[in-house]
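Below, in structure tokens: the form predicted on its own, a single chain.
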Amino acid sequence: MTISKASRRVLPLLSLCLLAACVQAPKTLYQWEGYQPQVYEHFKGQSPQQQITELEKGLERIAAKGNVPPPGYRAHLGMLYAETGRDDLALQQLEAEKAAFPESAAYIDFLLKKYRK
């Protein structure tokens, strides 16, 4: 069995395509699940309750996949809870943000002081 010249040229290219198809994209460190659009909606004036609903759904999807929300996700959700008068949930989310991202402790402590009054 002989391989034609054309096949010799195409075979390496097909092998590269096959290898490229097997490569998986690296897993991201955080799962955003609509966080960025919700922050944008916040600045556009969307109601806090609508944002809370979307962020809670996103948080459930993130947890279901065993992933981690990005920095600021829980803090934003906590501030939205505070805007709607649910201070207990606000404090819970802010504490969770602080525990997950200790580098944000100074800012989260500032927010906690504000909402604990």
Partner chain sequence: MRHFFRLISCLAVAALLSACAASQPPAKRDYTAYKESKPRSILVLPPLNNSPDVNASYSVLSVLTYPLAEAGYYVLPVALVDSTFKQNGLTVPGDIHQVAPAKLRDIFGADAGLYVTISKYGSTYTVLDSVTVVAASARLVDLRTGTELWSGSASASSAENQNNNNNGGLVGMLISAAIKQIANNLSDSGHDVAGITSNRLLSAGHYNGLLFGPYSPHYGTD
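Just so you know, these numbers come straight off a predicted model, no measurement behind them. Numbering follows the first chain given and starts at 1.
Only in words, not in the display: the form predicted together with the partner chain, which the text now covers.
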property: Distance check, Ala64 to the partner chain in the predicted complex, heavy atom within 4.5 Å; result: no
property: The partner chain contact in the predicted complex: Tyr35, any heavy atom under 4.5 Å; result: yes
property: Proximity of Val39 to the partner chain in the predicted complex, heavy atoms at 4.5 Å; result: yes
property: Partner contact for Thr28 in the predicted complex: the partner chain, 4.5 angstroms, heavy atom; result: yes
property: Output flag, Pro48, Ile52 and Glu54 jointly within 4.5 Å of the partner chain in the predicted complex, heavy atom basis; result: no
property: Heavy atom contacts to the partner chain in the predicted complex at 4.5 Å, residues of 59 to 83 in sequence order; result: Pro71, Gly72, Ala75, His76, Met79
